[in-house]
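Taking the form predicted alone, here's one chain by itself in structure tokens.
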């Protein structure tokens, strides 16, 4: 298996020609890293994830996923490597039952049915939702939908997982469940989030984006305890470090 990594080189992007959301972003994400992407609203966290999976393409610079360039004609190959869990989990769920939803992508890839079922079983075990397999998507709670959305991604056995605000709308118990699930994954993970306590609990590296650029990149213990750095970028210390 090739070494799992993402290379982002001098990437800039703007939705409007005269204004960039991201400016000259460069970093490499390595195998088994869990990277929290943090920053105030509108600083480009979600945009960065969209660029990595090719939902948007850079206006300047280049992105490589395991040596594959993220360009329009290579997107099917890129998306075999990356699973993307949207902020709004519901937009990822459209079949009648949980197991049908999880089976959809492996079936779509043309896997034999026996293999599809093995993928579904494994994804449900990893997200602890075996008990929900026959439940209607429309009867799930917010936390259950999030778990199912993650299972649909895992069923495709990606090397890399991207998550946009995974704890939004979760109650404390489901949030704890999600943290536990994330910590059991050995994927390369990039998690964009305002929930700095969750980032502290699940990530071994933090990248702070401010004004479209990387303002800090390092270990959570350093960045997430730096009150001055966070406040100057319109963020607050994680709750555990607040007096």
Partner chain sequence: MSKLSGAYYEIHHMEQLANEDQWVNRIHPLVKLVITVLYIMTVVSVHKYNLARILILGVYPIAMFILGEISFADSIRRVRLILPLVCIVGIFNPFFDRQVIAHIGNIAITTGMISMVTLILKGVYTVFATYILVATTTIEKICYAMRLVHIPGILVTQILLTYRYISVLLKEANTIMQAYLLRAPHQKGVQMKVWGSLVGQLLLRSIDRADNVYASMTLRGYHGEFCYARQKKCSGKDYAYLLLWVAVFGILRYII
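Quick caveat: nothing in here was measured; it's all calculated off a predicted structure. Residue numbers count along the first chain shown, from 1.
Just so you know, the form predicted together with the partner chain exists too; it's not on screen, but the next bit is about it.
No residue in the set 128, 184 and 200 has a non-hydrogen atom no more than 4.5 Å from the partner chain in the model of the complex. Within 4.5 Å of any heavy atom of the partner chain in the model of the complex lies no heavy atom of residue 133. Contact check for residue 29: every heavy atom lies farther than 4.5 Å from the partner chain in the model of the complex.
Within 4.5 Å of some heavy atom of the partner chain in the model of the complex lies at least one heavy atom of residue 113. Heavy atoms of residue 173 never reach within 4.5 Å of the partner chain in the model of the complex, leaving it off the interface. For the candidate set 159, 144, 164, 101, a heavy atom within 4.5 Å of the partner chain in the model of the complex is found for exactly one residue, namely 101. Along 92-118, a non-hydrogen atom within 4.5 Å of the partner chain in the model of the complex is carried by 92, 94, 95, 96, 97, 100, 101, 104, 105, 107, 108, 109, 113, in order along the sequence.
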